[in-house]
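Here you get one chain, nothing else, as structure tokens; it is the form predicted alone.
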Amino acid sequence: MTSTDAPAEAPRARVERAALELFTSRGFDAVPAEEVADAAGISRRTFFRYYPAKADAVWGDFAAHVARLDGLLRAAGPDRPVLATICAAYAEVNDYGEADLPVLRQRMRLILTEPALQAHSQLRYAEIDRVVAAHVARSSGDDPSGLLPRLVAASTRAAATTAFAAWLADDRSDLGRQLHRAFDELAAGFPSLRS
């Protein structure tokens, strides 16, 4: 197959790749959306058709990620423990192929370390929390805004975020193992701390 036979990269993928490269090399605040659009070969108007805010280009198609998590939680059998179901769903939606890991590292490093993205990240985390809290509420009969659903949602997201941070800190670590370790510690009440 020659390079002319290769499928063209989708415009959204081009935008995300350009955004991640530019934001990583120069910083999120230093790169205007127009420059990302230009690097991706699209207009500013098209950029904002794909992404309502510049920060959305860092997160990519996060709505699909949330929908997949929601689908896994809704498909879980009622006989399965709630926390185990949530942890398994988190691990499954974050099971990336080897080829996707360099871009994921770049994306997550920006999300977790770029101060200008922190407020936007809170909006994204709230989407995840809403889905997890709704699952806990369906299972427990609680209101999704009640203490237990919100606590489980915040705790499991914190475990996942911490696993990502640990994975980023060690290039040799495995993301799946970090996620499972974080969830195992959480589910068992931090057995590693018991003497």
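Everything numeric in this text was worked out from a predicted model, so none of it was measured. Position 1 is the first residue in the sequence shown; the rest follow in order.
What comes next is about the form predicted in complex with another copy of the chain, which is not displayed.
- Contact with another copy of the chain in the predicted bound form holds for all three of 151, 162 and 190, each having a heavy atom within 4.5 Å.
- Shown alone here, residue 99 lies farther than 4.5 Å from another copy of the chain in the predicted bound form, counting heavy atoms only.
- Proximity of residue 75 to another copy of the chain in the predicted bound form falls outside the 4.5 Å heavy atom cutoff.
- Although the partner is absent here, residue 17 is not a contact residue: none of its heavy atoms lies within 4.5 angstroms of another copy of the chain in the predicted bound form.
- Of the heavy atoms in residue 136, some are within 4.5 Å of another copy of the chain in the predicted bound form.
- Stretch 118-126 is the contacting one of 87-95, 67-75, 118-126, 100-108, since its residues have non-hydrogen atoms within 4.5 Å of another copy of the chain in the predicted bound form.
- Residues of 83-114 that come within 4.5 Å of another copy of the chain in the predicted bound form, judged by any heavy atom, reduce to 83 alone.
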